[in-house]
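One chain is shown next in structure tokens, namely the form predicted on its own.
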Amino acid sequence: MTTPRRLTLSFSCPDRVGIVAAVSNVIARESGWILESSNHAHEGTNRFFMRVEMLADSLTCGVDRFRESFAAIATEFGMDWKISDSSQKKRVVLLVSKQEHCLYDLLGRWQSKELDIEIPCVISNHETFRGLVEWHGIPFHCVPVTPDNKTEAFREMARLYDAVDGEVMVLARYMQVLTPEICARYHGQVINIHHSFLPSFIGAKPYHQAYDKGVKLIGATCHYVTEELDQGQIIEQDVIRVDHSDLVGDLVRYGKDIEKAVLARGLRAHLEDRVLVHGNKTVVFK
């Protein structure tokens, strides 16, 4: 069964009376068929967030004309907005190192069409998964990263990403800290999976940190990458219970299952424009 083409409108703006009515009216004026609508008003900052899905083919004016019509409303209300078309698959570049579980999971979801995306290439700092990636028919690029060549390596990574018109960069256990220049250049485009329930246990070996602390819950966090290590806006999180009998290896094994699920959910939310960033927080519409 073919999924109907959808347009997704998402925006935030200063809160005031009449926003929902104005948005609904401009859609109705063009005979737009709304499939899903969510909104949230944040009292602390007086900010309003909204996401609307509609049938693209229901618009009498066509998509381009609708964008032009909506632009007037967006200006009036001071909106930070975008409209995405489901017929244009997002181009997602995966970055990996020597940990395979998140890569395997995302490739499986891509191959089964659970994630309806394009993966124009995979970039790694090791050759480990070349065979796997190329077996899937995806170009694989190895860009070694050492303490002495980070600037040049990340410059090459950025060149490869730009060359394939990448829209989303996923650090699927890439295990490298991106430079501030890369973080700033691709602000809002880079998603990471951290093997800890942030803000606890940032940086390297969080399972070892958790074990030493004797925690009873471990987790994983999918977040946007910013210049500050593991401090980007959180998209998705989950936890699993552990006890005194579990060793570090057990925590790592349990954690891998959570990491895969959390990364997939967080990436999907981003791809479907369900995530709206506001300061150091996110509004994530389910």
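Since this is a predicted model, take the numbers as computed values, not measurements. All residue numbers refer to positions in the sequence shown, first residue = 1.
The same protein has a further form, the form predicted in complex with a further copy of the same chain, not shown here; the description that follows concerns it.
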Is every one of Gly32, His40 and Asn46 in contact with a further copy of the same chain in the predicted bound form, taking contact as a heavy atom within 4.5 Å? yes
Heavy atom contact within 4.5 Å of a further copy of the same chain in the predicted bound form, the stretch among 161 to 169, 187 to 195, 71 to 79, 212 to 220: 212 to 220
Close approach of Thr60 to a further copy of the same chain in the predicted bound form, 4.5 Å, heavy atom: no
Proximity of Arg67 to a further copy of the same chain in the predicted bound form, heavy atoms at 4.5 Å: no
Taking the shortest heavy atom distance, is Asp15 within 4.5 Å of a further copy of the same chain in the predicted bound form? yes
Does a further copy of the same chain come within 4.5 Å of any heavy atom of Val225 in the predicted bound form? no
Output the sequence-ordered list of residues from 93 to 109 with at least one heavy atom within 4.5 Å of a further copy of the same chain in the predicted bound form. Glu100, Tyr104, Asp105, Leu107, Gly108, Arg109
